[in-house]
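Here we start with a single chain on its own, the form predicted on its own, put down as structure tokens.
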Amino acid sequence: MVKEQNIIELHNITVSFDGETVLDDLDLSIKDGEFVTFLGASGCGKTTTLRVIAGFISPDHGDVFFDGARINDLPPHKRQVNTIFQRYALFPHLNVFDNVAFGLKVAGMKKDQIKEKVEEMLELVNMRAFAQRKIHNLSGGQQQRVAIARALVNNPRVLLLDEPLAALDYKLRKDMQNELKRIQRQTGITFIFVTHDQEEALSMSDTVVVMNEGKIQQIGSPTKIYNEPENAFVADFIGESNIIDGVMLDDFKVRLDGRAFKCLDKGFAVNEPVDVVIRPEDVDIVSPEKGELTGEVSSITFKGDYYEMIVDVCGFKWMVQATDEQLVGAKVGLVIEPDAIHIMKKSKYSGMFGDYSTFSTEMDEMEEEARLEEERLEEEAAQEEKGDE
């Protein structure tokens, strides 16, 4: 159960490595009993934030608070926090029971208390029947359950999980996602989970923190993050999005692709340039004469329960997801309902995402690099020709 008070607060946290800023004046509050996920690509600062909370990294600037007390100078072993890393670091020479009991033995707890606590934790992670089994005889999922039990046996107030599911196969990951949610709900411990997997973040969390370039881009519930992204980066990173340049004509009315559409957004200035987000599953394909926009299908991919189509509308490549197949080259109409349109203010990410000419920035970067190289060669050829004259 999520409580009202904050258990962790980060104020103006800045961290740099070798002169490069990794966290840039970051502020964040996490409520007691919450399941929070830090979501972002590699290098965005999510693991660094986790390590600052754990005490493994000291910020260059800013303060870390736990239950209202500043803990910048508190070493990791004295913080009421435990961490599960991608590599579980279990002791291979010990069985399951002794791995979980290790911290309690170091703390000097009595044998009968250790037995009671360990059995309680193994019951929680459904591993009681495997108490005497050696670590090398366990599957990846079983090893992770042992790591969770070992991390929880000391009753931490906060459990930090740094991409712990990354090494598991898809179906096992799904099982462990459900297990982690169940364990968090059952124990009421604050979980802070790090992942680059959008589906994982949306399916598990009370709150998602989307990060990029050492900054928090948006904080909110999974539904709010998906349905109401605050900028083009979030809209593109969470699921698929068509992001089109638009102009607000008035409250509840936006112009895109030369046509006015009704929407549910207000509070923008008249004629203010905006980014318009429309999810692929919210676009309806109709005959060209019935469409609000018309285009040509340039590619189609079968996804099992739907078709993913790229539709060229005046040079902008829309993604549309529908259950009815269209042929490549077919002329189609697109219909967009008002509640499918989400308006965002322009940001530094405007114009960087949303067109499905390619699916990754790497392709765009390669094309741009090839264009510049071609221009350079043409310029060299022109200089040589001028020299010959």
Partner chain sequence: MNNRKGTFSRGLLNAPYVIWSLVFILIPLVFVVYYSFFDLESGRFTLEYVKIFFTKPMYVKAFGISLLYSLIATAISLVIAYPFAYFLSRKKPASQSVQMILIMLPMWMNMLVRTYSWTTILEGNGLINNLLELVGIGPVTMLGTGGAVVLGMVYNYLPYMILPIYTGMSKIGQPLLEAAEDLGCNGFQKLKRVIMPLSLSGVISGIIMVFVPSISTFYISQKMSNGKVVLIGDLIEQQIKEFWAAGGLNRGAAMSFVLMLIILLCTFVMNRFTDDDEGGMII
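All values reported here derive from a predicted model rather than from experimental measurement. If you superpose the two forms and keep the largest set of C-alpha atoms that fall within 1.5 Å, you have the rigid core. Residue numbers count along the first chain shown, from 1.
If you look for the form predicted together with its partner chain, you will not find it shown, but the lines that follow are about it.
Using a 4.5 angstroms threshold between heavy atoms, Leu90 counts as touching its partner chain in the predicted bound form.
Using a 4.5 Å cutoff between non-hydrogen atoms, Gly140 does not count as a contact of its partner chain in the predicted bound form.
At a distance threshold of 4.5 angstroms between non-hydrogen atoms, Tyr306 is out of contact with its partner chain in the predicted bound form.
The closest heavy atom approach of Gly103 to its partner chain in the predicted bound form falls within 4.5 Å. Only one of Asn227, Asn154, Thr187, Ser299 lies close to its partner chain in the predicted bound form, with a heavy atom inside 4.5 Å, and it is Asn154. For the residues Pro76, Pro288, Pro273, Gly239, the 4.5 Å heavy atom test against its partner chain in the predicted bound form is passed only by Pro76. Partner contacts here mean any heavy atom within 4.5 Å of its partner chain in the predicted bound form, and among 265-273, 250-258, 167-175, 78-86 they occur only in 78-86. Taking a 4.5 Å heavy atom cutoff to its partner chain in the predicted bound form, the contacting residues in 128-166 are Lys134, Arg150, Asn154. If you fit the rigid core between the shown form and the other one, you'll see the Cα of Leu202 move by less than 2 angstroms. Relative to the superposed rigid core, the position of the CA of Lys171 differs between the shown form and the other one by less than 2 Å. Once both forms are fitted on their core, the CA shift for Ser241 between the shown form and the other one remains under 2 Å.
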